[in-house]
Ligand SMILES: NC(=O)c1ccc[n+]([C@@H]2O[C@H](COP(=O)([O-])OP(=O)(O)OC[C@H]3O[C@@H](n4cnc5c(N)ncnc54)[C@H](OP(=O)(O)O)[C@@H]3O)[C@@H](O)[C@H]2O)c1
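Single chain ahead, written as structure tokens, the form predicted alone.
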């Protein structure tokens, strides 16, 4: 069937935390599908490395340094986007961090705030800026990168679990509020994905074996598993889908 291909030509996409891992894989795939792509991240050296990787593949990217959890820096990021790319049609809230934490009741306030800011507040701030622009453009797509940890409490990841649960409710609330504006808001929730971010889990054979016992498909996710779902949600194929969380977990929540 023609019309069933994923085509992002003429769209402007921003991927936060797009300088490495899942974010970079998503950004590159969107560029390959015809979108004009911007990535943001805190560390300039990671952005420079990512930009070089794009160039090597003959793809263009706008790399902007910004801390996605700080309102002023997010405002500046979107001003650069307006100036260089004329706005935004697709926002992927990918920035996130997971620090192994003691029990939540014993964690200090600073750690709680940091994990909330990076995993939840960042998506609120970027979405607020993107929505203003999407309304003027007659619609848009927001895709949040969650985790099955949002619905499955995990030891050592308590605050992260709470933040991702918040992100999933933010997805549903925004979906409901923005549906009349033709702005779709969805999320993808992977289990462990084979990236540098999760290397402590999959590089340790005994931990990996424990994880694999919980996954009916018998393997952990690859970045391409996540990218496929995000491209679908960013494309016109998913125009009537909003407020959904797609689990990318090989059946483990089932």
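Numbering follows the first chain given and starts at 1. If you're wondering where the values come from, they're calculated on a predicted model, not measured in any experiment.
Although not depicted, the form predicted in complex with this ligand is the subject of the following passage.
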*Quick one: of 66, 31, 229, 38, which gets a non-hydrogen atom within 4.5 angstroms of this ligand in the predicted bound form?*
66
*Out of 78-86, 128-136, 179-187, 93-101, where are the residues with a heavy atom within 4.5 Å of this ligand in the predicted bound form?*
93-101
*Taking heavy atoms and a 4.5 Å cut-off, does residue 11 contact this ligand in the predicted bound form?*
no
*asked:* Even though the partner isn't displayed, in the predicted bound form is residue 171 close enough to this ligand, meaning a heavy atom within 4.5 Å?
replied: no
_With a cut-off of 4.5 Å between heavy atoms, is residue 22 one of the residues that contacts this ligand in the predicted bound form?_
yes
*asked:* Under a 4.5 Å heavy atom criterion, is residue 164 part of the interface with this ligand in the predicted bound form?
replied: yes
*Using a 4.5 Å cut-off on heavy atoms, which residues of 186-207 contact this ligand in the predicted bound form?*
190, 191, 192, 193, 195, 196, 197, 198
